[in-house]
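One chain is shown next in structure tokens, namely the form predicted on its own.
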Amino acid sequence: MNFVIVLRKELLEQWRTFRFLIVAAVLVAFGLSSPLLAKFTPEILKTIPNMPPELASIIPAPTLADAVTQYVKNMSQFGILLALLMTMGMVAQEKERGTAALILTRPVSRGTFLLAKFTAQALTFAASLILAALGCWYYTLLLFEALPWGTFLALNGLMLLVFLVYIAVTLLCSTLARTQAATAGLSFAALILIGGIGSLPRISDYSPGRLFGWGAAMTLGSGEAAWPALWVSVGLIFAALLAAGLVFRKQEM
């Protein structure tokens, strides 16, 4: 059974288990709401009863930068969380149920099995992020002004790359663990570890999270490139998938 057939099976499972619909619904909701929150939050604050006029006067008017910042903030938080939640059971759950052993008795290599799962999850997040980006771009156009398509596309590409880092790491955790509960513990430990290391001085320039700031700055026409963070992110994806393949190859189903 070749890669395309296994990938088709994984994509069909993404649809049947509502994973695609969940990811799309969450990301699109935050994509649409980000410019709305940026536009109307200052006005809502000004309507608070008994607010001193001098305090209301210092609330800044919303700008295009606020819309982009809100979009990046929402997607970085909930996109990473979705990457963990939607991926943590992809291998461990099949090992628990015994379906992994059934699939691997056919002419399917373990590497193909894992790669198809990663690719299906990547396609799910890519399609959902495209829908979210279109919604954000349209509402930003209505409420502020048009975002430059080229740099906004680059921003979403960088966000997708960060999501793929966490998908690959969670897939590795799901391969290492025997149960979904153990996978959840390992995945959130990895999230804390990556976030903690990325917050250290100097090392933050190499952290996947740095790509969010680079993308936002690029969209607004400022900031410096963060190529080290990009290459580290790509390296983490390949390293996690390679490690998952090596571990899975030695496991008994």
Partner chain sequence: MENIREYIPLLVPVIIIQLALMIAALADLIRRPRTKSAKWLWAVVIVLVNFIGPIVYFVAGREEEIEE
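Quantities reported herein were computed from a predicted structural model and do not represent experimental measurements. Numbering follows the first chain given and starts at 1.
In what follows, reference is made to the form predicted together with its partner chain, a form of this protein that is not presented.
Checking L191, L32, I203, A65 against its partner chain in the predicted bound form, a heavy atom within 4.5 Å turns up for just one residue: L32. A heavy atom within 4.5 Å of its partner chain in the predicted bound form is found for one listed residue only; from L82, A92, V165, V72, this is L82. For the chain shown alone, L143 is a contact residue for its partner chain in the predicted bound form, at least one non-hydrogen atom being within 4.5 angstroms. Its partner chain is not shown here, and in the predicted bound form it never comes within 4.5 Å of any heavy atom of E224. In the predicted bound form, its partner chain lies farther than 4.5 Å from every heavy atom of S199. Within this chain, R210 is remote from the site of its partner chain in the predicted bound form, having no heavy atom within 4.5 Å. Stretch 135-143 is the answer when you ask which of 156-164, 135-143, 169-177, 118-126 has residues with heavy atoms within 4.5 Å of its partner chain in the predicted bound form.
If you take 203-240 and check each residue for a heavy atom within 4.5 Å of its partner chain in the predicted bound form, you get nothing at all.
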